[in-house]
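The data below hold one chain only, encoded as structure tokens and taken in the form predicted alone.
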């Protein structure tokens, strides 16, 4: 048996004020759309903004349903809209802002596993990394230069 060590590199900004200006603008868009989240069950609202290589910005918020598996996360709402409306464009950056409607959320909230898999599909298909920034309502912002840092052992079309 051989031990294999997998490492990921993430960058942590102490606050939103430290991130590049274009990322701040995307976070503003994500914060705005987060207010439109439909989260009556979890009371956890998420907003996402994508910057495409054609300059378009796509936003999405989580949309819940009383039949829990039927809801959709903000990240997938935005990424699937991009796929439907701008199939030939690449995603350059994704920002995520998330938090509870009940308690303050100061911890950076990364994409869930299902969203990581969906993001992986687009990153692999476009053959270019997607910068991902995520945060809670306030506090630190985490940056990953690629989804591969958040999902190092990706399942993708190459294994099919």
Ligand code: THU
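Numbering follows the first chain given and starts at 1. Since the structure is predicted, the reported quantities are computational estimates derived from the model, not experimental observations.
Heads up, the form predicted in complex with the ligand isn't pictured, but that's what we're talking about next.
| Quick one: is residue 42 in contact with the ligand in the model of the complex, heavy atoms, 4.5 Å cut-off? | Yes, residue 42 lies within 4.5 Å of the ligand in the model of the complex.
| With a 4.5 Å heavy atom cut-off, would you call residue 79 a contact of the ligand in the model of the complex? | Close contact is absent here: in the model of the complex, residue 79 is far from the ligand, nothing within 4.5 Å, heavy atoms only.
| request: Flag residue 64 as yes or no: does it have a non-hydrogen atom within 4.5 angstroms of any non-hydrogen atom of the ligand in the model of the complex? | output: Taking the distances in the model of the complex, the answer for residue 64 is yes, it comes within 4.5 Å of the ligand.
| Close approach of residue 129 to the ligand in the model of the complex, 4.5 Å, heavy atom | No, residue 129 sits far enough from the ligand in the model of the complex that none of its heavy atoms falls within 4.5 Å.
| said: Based on heavy atom distances of 4.5 Å or less, which listed stretch (112-120, 25-33, 49-57, 87-95) is in contact with the ligand in the model of the complex? | reply: The contacting stretch here is 112-120.
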